[in-house]
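The chain below stands alone and is given as structure tokens, in the form predicted on its own.
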Amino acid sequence: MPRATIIDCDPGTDDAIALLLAMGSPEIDLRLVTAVGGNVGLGITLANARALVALGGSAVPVVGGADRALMRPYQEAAYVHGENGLGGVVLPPGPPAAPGLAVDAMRALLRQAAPDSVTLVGIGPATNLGLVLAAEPELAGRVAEIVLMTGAWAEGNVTPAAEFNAWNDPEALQIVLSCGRPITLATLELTAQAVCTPARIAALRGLGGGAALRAACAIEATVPPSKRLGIDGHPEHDACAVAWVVAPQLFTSRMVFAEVDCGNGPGRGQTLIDRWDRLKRTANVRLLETVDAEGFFQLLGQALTRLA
């Protein structure tokens, strides 16, 4: 059965690919898309989410949410994603956003859901998700799994310690990590294994397909090579989280304890991930450790060719 899914995102080039992967995958029953500020401001991320949902041929409601973290403003990343969040690629506008706030839309959907029935996929700062779980903690019982692209067990990508999403709202992320539901993390170490190279973009273009595939390839081609990894390509960060929902057989994982540094020092936003059980704390997340990169890009290509 397809998994009833809410995607909370900040499109963003990698969010764009993740959304298209979700819409092109019959394993996902996409019920709601919510936008958060992060990669670029909420006015842009919300417009991009609307345009991407329209591009994917979906009628799923898109609702705007937080435009700052719980404690401070977001740091944006237009230097990676471009001023319009999509590397300068211009998409036809989507329909208007659904009225209201993301937090209320998520709460309404969860209230109507059966226990353990909804998958939450968070691929931006965790502000919207943290607000839902803080405002109405009992709704966590309706959640089957929370899948997050966030964190790192080694080096960060925005500070030496912290990954971008975790650093932008560590307080909200800690609320999510402490909610008691099954949580899966796609960290920087995992996403570094799914590298989109010029050759892989060319292979995707060779599949033919329609406007969604062409737009995805155009967006991919705008992303600068990763200086951090020293490669001719870039990690497919957010799509890895969606791929876990679609095809978990592509991954290996282990159960670990994880928490996030919410202090104000140089470690702020660092995810402490105890891969070797040194702290003897109860495991609270599934850490994705490896991904079959060729299988991942085959999955992405299949999904993109299903879209118009």
Ligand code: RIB
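In case it trips you up, residue 1 is the first one in the sequence shown, and so on. No experiment lies behind these values; they were computed from the predicted model shown.
If you look for the form predicted in complex with alpha-D-ribofuranose, you will not find it shown, but the lines that follow are about it.
By the 4.5 Å heavy atom rule, the three marked residues Asn39, Met149 and Phe164 all count as contacting alpha-D-ribofuranose in the predicted complex.
Mapping the unseen interface onto this chain, Asp238 counts among the residues with a heavy atom inside 4.5 Å of alpha-D-ribofuranose in the predicted complex. Within this chain, Leu188 lines the site of alpha-D-ribofuranose in the predicted complex, having a heavy atom no more than 4.5 Å away. In the predicted complex, alpha-D-ribofuranose stays beyond 4.5 Å of every heavy atom belonging to Ala216. Although the partner is absent here, Val121 is not a contact residue: none of its heavy atoms lies within 4.5 angstroms of alpha-D-ribofuranose in the predicted complex. With alpha-D-ribofuranose left out of view, the stretch that reaches within 4.5 Å of it through heavy atoms in the predicted complex is, among 171 to 179, 156 to 164, 203 to 211, 110 to 118, 156 to 164. Applying a 4.5 Å heavy atom cutoff to alpha-D-ribofuranose in the predicted complex picks out His81 as the lone residue from 80 to 107.
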